[in-house]
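What follows is a single chain, given as structure tokens, in the form predicted alone.
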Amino acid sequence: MNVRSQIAMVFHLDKCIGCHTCSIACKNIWTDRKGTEYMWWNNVETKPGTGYPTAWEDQEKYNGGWEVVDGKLRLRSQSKTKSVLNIFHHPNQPTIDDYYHPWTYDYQNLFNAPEGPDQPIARPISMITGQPVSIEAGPNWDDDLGGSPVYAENDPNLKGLSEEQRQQLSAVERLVFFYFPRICNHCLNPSCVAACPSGALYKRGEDGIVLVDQTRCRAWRACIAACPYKKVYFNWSTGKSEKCVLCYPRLESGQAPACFHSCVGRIRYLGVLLYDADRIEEVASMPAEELVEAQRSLVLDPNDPEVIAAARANGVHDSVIEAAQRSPVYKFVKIWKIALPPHIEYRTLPMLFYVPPMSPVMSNRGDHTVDSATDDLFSDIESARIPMKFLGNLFGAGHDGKVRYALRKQKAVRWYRRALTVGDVDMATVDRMLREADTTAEEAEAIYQLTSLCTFDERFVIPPMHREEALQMLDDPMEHKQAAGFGFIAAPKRGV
């Protein structure tokens, strides 16, 4: 058992209000430099929708992630032959049009316009070329556009839905959408790291954060093609790849990442998980329908004496083990099993998990009651406006069983709290619902407390990074961040 520690995250989608505060916080800190105008390390998408970059989930187009061929894992975008043929150009990576053409405005035309009969305007100009540009897309261009025939209807997660379900999603009276914030998943089995010919991308051994050593990056851009989530970007000014660094200089000083700290809806949780690194290939090679539970099995119990002993033997500090025991992520993922990885079928084993959102249902109201045609307490989950198949494609590798389990447990928690606070639901019904949702009153109370009444320190259990034990122990954190996208310790090197 090769026990290692990994920083992991949970986003509670039922609490996201789509304010984009997280995106702006990240943009102001990390991607406000020349060459990063189009980059959004954190972005918030509307689902159903095509996202940013456009249709990033369509791996028939982008060939990102891993696939299993003859029982062995293989990069979809890379092979020995492709490495040579695509070394100067990857045909499966997004173009600037797939992202968007970043723009600003010619304010001088507005401020310095001579007096005249017409109202002067600030025309949009490209932030790359400085020339006038026609605005056609943006990082959240499909924001709130549920039912849109341009964006929502082209969501790759609609695959497998019946024509009736597709029409219902776009019908005015059934319009529905939810927000889907995304950052780098800092995967256990990152395809971007495996694809890099220069070895510039790497996982930090002490916490699993995936970074780019820009002194080694040679602009092959294999990482961009290989990442199925398209969370690695190319800086056209420096000729280097850049990506989310999980604000590790903040983590090293005990602070939450900027997007986490600024989150208005308090949807974000951060903690450390212990996992068995020897089983990564085995788990990533399993059939798609088994991947969610297989990844959960990879996460180890931090209270198990054998796990603790193996972790200590592998150099994991006691303070990190203690943080893993208090990790909110461990509770959501392993104990309560209501947080799920996005597109686990890409086999990168993402360390960002999502609590799937509840959605409205179609029902009839009369005599101050909601008319239900069935005695099934969870019928509204089955008839929710967002089809289970859609959520299954997003969070269950095409299988909606795990999503259904998470939503049933969330509903049971709601009814349990309603019985306690409002009193219009009898406890006999609540007890039956808790049993059918595979939970207890004690667990429901714990989920409620961590979801609704949690403090800052309960949401973010940040372990000591122990940089004195790391490979880069001689580098000052504020200086070392320059090797991960903020600048350079030495001048950039181009070419082979």
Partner chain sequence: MRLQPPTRLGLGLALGLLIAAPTAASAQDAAAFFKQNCTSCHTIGGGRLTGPDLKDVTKSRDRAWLTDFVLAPQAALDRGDPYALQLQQEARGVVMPQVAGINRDLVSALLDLIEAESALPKSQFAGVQVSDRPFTAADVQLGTELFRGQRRLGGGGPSCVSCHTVRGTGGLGGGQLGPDLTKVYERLQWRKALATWLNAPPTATMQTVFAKTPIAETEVLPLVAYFEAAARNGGEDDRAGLIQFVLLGLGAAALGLGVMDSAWKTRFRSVRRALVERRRGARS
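Residue numbers count along the first chain shown, from 1. In this text, all values refer to a predicted model and were calculated from it rather than measured experimentally.
From this point on, the text means the form predicted in complex with the partner chain, which you will not see here.
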The unique member of V150, A288, M127, A122 whose heavy atoms fall within 4.5 Å of the partner chain in the model of the complex: V150
The single option of Q131, T95, Q108, S162 touching the partner chain in the model of the complex, heavy atom within 4.5 Å: T95
Candidate stretches 446-454, 26-34, 426-434, 59-67 - the one whose heavy atoms come within 4.5 Å of the partner chain in the model of the complex: 59-67
4.5 angstroms heavy atom contact with the partner chain in the model of the complex for A137: yes
The partner chain contact in the model of the complex: I462, any heavy atom under 4.5 Å: no
The partner chain contact at N42 in the model of the complex, heavy atom, 4.5 Å: no
Contact test in the model of the complex: G315 vs the partner chain, heavy atoms, 4.5 Å: no
Triple contact flag T50, P91 and N154 to the partner chain in the model of the complex, non-hydrogen atom at 4.5 angstroms: yes
In the model of the complex: members of 21-60 within 4.5 Å of the partner chain, any heavy atom: T50, T54, A55
